[in-house]
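This document starts with one chain, in the form predicted alone, laid out as structure tokens.
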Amino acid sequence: MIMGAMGVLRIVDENNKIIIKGLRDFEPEHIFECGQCFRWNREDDGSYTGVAYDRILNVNKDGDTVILDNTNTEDFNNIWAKYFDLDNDYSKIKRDLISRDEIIRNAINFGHGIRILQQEPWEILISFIISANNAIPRIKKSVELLSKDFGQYLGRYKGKDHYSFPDVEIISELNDEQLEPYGVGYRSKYILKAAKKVVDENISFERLKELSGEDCYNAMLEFSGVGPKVASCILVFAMGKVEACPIDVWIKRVMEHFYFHKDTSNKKIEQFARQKFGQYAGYAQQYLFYYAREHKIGK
């Protein structure tokens, strides 16, 4: 039994599974379908299988019980508790946001089980470079193919082979022609430049995490192919800077639809969102993104 920001949880390690009872604010569909990750796929039984931190994991929920399959207590404590942000009190976050606005209340009620994943910065940097002017199915396909051909084989699960995301050193040694089969198009030059920059400058993402939000944001903008939206995505989904607020096409639509009622610049929308939602702007963005996309608001 664990007591903390998560509340009182009963956690059982059984048959290569971690079984968690009493976990609030956790819905696999909301988490994996809200646009923050690209390596999780829905199974026929409604569970999700994905790869993170060189591990294969399956996540399912039955009532108030969350089941993490293909793992153990050591990996739960060292990887998954942090990855799923389980030590963060989402009830408190949602209360704060709901008190600010009726619109965000509706978005939170719809996507109440979203949690911000704590993902690997190198993988998120490349994944969101690929995401620019791209659709999620194509992004997922590119990331999966790159992992299959340049990552490490991790094993077979539910009839499918799984691979780690490629190391930065391997990507840095490729060229445009070698990346052509992976559907990344013009983004190939940005991927290669990003990898070479990390290697040549010996960049430590862990050190970048220690910077202020503004300094970390500016450091992300130094990568070719990273603009304001991608930089903010990296901050929220990998660097722990949840005050950032990525403005993509869906957020622009929902903010214009509910708040501005006219065409508005991304910069003005971001300034408004950060002022309105404060330290929780990144969470608000995810609730609004999921709500807008699923309801096709403004489309």
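Fair warning: this is a prediction, and the values are worked out from it, not measured in the lab. Note that residue numbering follows the sequence shown and begins at 1.
Keep in mind that the form predicted in complex with the DNA is not shown, yet the notes after this line are about it.
When contacts are judged by a 4.5 Å heavy atom cut-off, Asn133 counts as touching the DNA in the predicted complex. A residue is said to contact a partner when one of its heavy atoms sits within 4.5 Å of a partner heavy atom; Arg253 meets this definition for the DNA in the predicted complex. Although the partner is absent here, Ser224 sits close enough that one of its heavy atoms falls within 4.5 Å of the DNA in the predicted complex. Under a 4.5 angstroms non-hydrogen atom cutoff, the DNA in the predicted complex lacks Gly155 among its neighbouring residues. Candidate site formed by Tyr186, Asp248 and Phe289: every one of these residues places a non-hydrogen atom within 4.5 angstroms of the DNA in the predicted complex. None of 216 to 224, 161 to 169, 107 to 115, 79 to 87 except one has non-hydrogen atoms within 4.5 angstroms of the DNA in the predicted complex; the exception is 216 to 224.
When you look in the predicted complex, the only residue of Val66, Val51, Met239, Cys233 with a non-hydrogen atom within 4.5 Å of the DNA is Cys233. Contacts between 104 to 127 and the DNA, taken as any heavy atom within 4.5 Å in the predicted complex, involve no residue at all.
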